[in-house]
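Shown next as structure tokens: one chain only, the form predicted alone.
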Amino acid sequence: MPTKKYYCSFYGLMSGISGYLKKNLKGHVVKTTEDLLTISNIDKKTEILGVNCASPVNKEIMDALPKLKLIVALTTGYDHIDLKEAKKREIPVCNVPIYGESTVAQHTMALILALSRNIYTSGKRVKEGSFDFEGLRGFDLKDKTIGVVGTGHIGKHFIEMLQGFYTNIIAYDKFPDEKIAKKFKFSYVTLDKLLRTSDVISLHLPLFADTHHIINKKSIQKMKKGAYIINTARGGLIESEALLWGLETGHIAGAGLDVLEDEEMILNPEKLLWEEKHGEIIRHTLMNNVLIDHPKTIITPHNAFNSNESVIRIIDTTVENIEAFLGGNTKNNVT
């Protein structure tokens, strides 16, 4: 590692991991906090900035960091970072492309099983003193059609897990992998066909302009009535108001969500005071609160990635990205 000391600031860092990160970046100044990055807690001395997906890095943030040389996303997704602005300033943005494919796929499977067998309601009922199974009848995954939207690393792992549940698997991806389709005996179909024929739909897409609100009122109307939807990818893939409409009308039987639209406002509601799209974000926040309390949803706090093994892989890759940059050979650069 180069002898020059760099000033590194990490925001939204997972609890209990700070010591491991500092040990692996020995020789540099490393400041860490579990708080999300805001303009009010920014450290102007920062040369290397590390953030999770709940900390937007926009022009205002970059303007406040005159010494910034590198941004490291502690995530696979990087839609929270203004790549155009970073590129204009010649600041590389490096992500962690592979870290939790098995971990997130397992969480996806857990949400499906929890919905299909009423696990949350069943456990809650017993803890409240009732050992009655009336009204808790679930459904078997065997012979059900599971539609997988996005067959990247996580989608492929999820499809592999489904092999043991005797399901019928169909998938949609802009770039089909026919080799993996042949291996796991599933077929690629159009998005419309997947929506029409799936009993359970699971989303495994990055959030870009063309995937934003890929699940909206029109797409929900195309779904088989009584379908379930799972999202462990990005909250913005689903239009919150449309999902609520689907649940209220019974078009969607249930939803298992690890992510919500504008979910960072749940952690930092004070940010509403200075957001430009004030009205829109207030609406999303209200919808999120209704979805969280809805009897047909199971919602977890963006926790799908959060296993011991996955977190260590995130930190290890982040350190590798920093070391590569300092050595003049940028790695996992997405700008």
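Please read these numbers as outputs of a predicted model, since none were measured by experiment. Numbers follow the displayed sequence, beginning with 1.
Missing here is the form predicted in complex with a small molecule; even so, the following discussion is about that form.
- Only one of 122-130, 218-226, 86-94, 233-241 places residue heavy atoms within 4.5 angstroms of the small molecule in the predicted complex, namely 233-241.
- Among 150, 147, 246, 256, the residue placing a heavy atom within 4.5 Å of the small molecule in the predicted complex is 150.
- Site annotation in the predicted complex: the residue of 211, 116, 167, 106 reaching within 4.5 Å of the small molecule with a heavy atom is 211.
- Contact with the small molecule in the predicted complex holds for all three of 175, 207 and 302, each having a heavy atom within 4.5 Å.
- Shown alone here, residue 76 lies within 4.5 Å of the small molecule in the predicted complex, counting heavy atoms only.
- The small molecule in the predicted complex comes within 4.5 Å of a heavy atom belonging to residue 154.
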